[in-house]
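There is one chain below, alone, in structure tokens, taken in the form predicted on its own.
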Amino acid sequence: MLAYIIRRILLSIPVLIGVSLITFFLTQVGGDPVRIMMGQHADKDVIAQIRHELHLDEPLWKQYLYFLHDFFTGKLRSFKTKRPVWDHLKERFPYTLSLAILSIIIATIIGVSAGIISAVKRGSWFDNLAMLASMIGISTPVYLIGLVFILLFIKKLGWIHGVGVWDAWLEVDLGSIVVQIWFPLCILLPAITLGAQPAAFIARITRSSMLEVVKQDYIRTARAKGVPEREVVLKHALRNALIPVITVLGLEFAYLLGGAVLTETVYAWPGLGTMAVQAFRDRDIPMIQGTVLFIAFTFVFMNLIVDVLYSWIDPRIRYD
């Protein structure tokens, strides 16, 4: 296993280099970043000095090497804030991480449960309703779900105070005493919105995988031996049906960690997504480059975690 992990890490290096190259050269075609920052009427000598300080007067291959060096050493700085890009990533990533974790938990609970019940009760009203709901969830744009939730739960019902980040305390009445618990209610709507499409994908994948597994001989043998149906489904069938589900979970979680741009924008959530949108608006080239490369690292890392989980779920899978 260790040899496989090392091999995967080494194979990931060309992927990351390719992503960094594409990102770097695509950001070069948007015009002169110094001219964009300073405006069309800035002094030419000042522009030349800034271009020299930012190594923009060097050949492209040297600029690329400077970009990699500055990114990995933490010296890559935003054009707008003059602060290191890593500082911005460290500030914004916890918000995206918390949102992604809660979203994937919601999506997993809903998706796996619906998929299992749909497979066990194939052709029933629940199966038809769950598959219809999953189709709607996959087809509906996430920003539309977010806007509907805002109109319903914030504007109409008033259950949530508003968008953005704010503190909330829940009062739990235990009879003789009332306990106040801090819970960030502001994250619920973004998490549910963000988890809607993954839940729909997971439900369909779980159902399809479960239907394939329940046809296997060992499932029929377990039932013939009198093993309770609950144990057959949850212990024998589900574990072997989880391989494709884990793949979807890993990819969806990597996408969420990369920054759910539309959801974070709709709910004014201060994560990587809103930071990336603002960087594009400001033409902040280093911020764009650093964010995209960080997202690429996230995808590569999550793919490695998924492959390692395969062997834990199914002992028959070996990489040595």
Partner chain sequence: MAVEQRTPWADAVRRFKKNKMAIVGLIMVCFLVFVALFADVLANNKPIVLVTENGLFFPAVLDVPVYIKYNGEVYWPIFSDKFIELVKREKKVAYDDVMQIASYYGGKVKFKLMPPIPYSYDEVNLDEVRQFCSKKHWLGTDEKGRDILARIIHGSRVSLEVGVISQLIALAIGVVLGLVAGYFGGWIDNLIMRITDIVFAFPFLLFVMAITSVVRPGIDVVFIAMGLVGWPSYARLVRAQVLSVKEMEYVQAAVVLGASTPRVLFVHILPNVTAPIIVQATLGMAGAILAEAGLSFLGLGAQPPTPSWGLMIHSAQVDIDPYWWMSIFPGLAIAFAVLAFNMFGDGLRDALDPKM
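Residue numbers count along the first chain shown, from 1. What you are looking at is a predicted structure, and each value in this text was computed from that prediction instead of being measured.
Heads up, the form predicted together with its partner chain isn't pictured, but that's what we're talking about next.
Among the residues 230, 156, 225, 90, the one placing a heavy atom within 4.5 Å of its partner chain in the model of the complex is 156. With the partner omitted here, the residue from 126, 143, 218, 72 that has a non-hydrogen atom within 4.5 angstroms of its partner chain in the model of the complex is 143. Although the partner is absent here, residue 287 is not a contact residue: none of its heavy atoms lies within 4.5 angstroms of its partner chain in the model of the complex. In the model of the complex, its partner chain stays beyond 4.5 Å of every heavy atom belonging to residue 60. Taking the partner from the other structure, its partner chain in the model of the complex has a heavy atom within 4.5 Å of a heavy atom of residue 26.
Residue contact check for residue 116: none of its heavy atoms lie within 4.5 Å of its partner chain in the model of the complex. Looking at 105-113, 236-244, 75-83, 197-205, the stretch with residues near its partner chain in the model of the complex, meaning non-hydrogen atoms within 4.5 angstroms, turns out to be 197-205. With contact defined as any non-hydrogen atom lying within 4.5 angstroms of its partner chain in the model of the complex, the stretch 231-246 contains no contacting residue.
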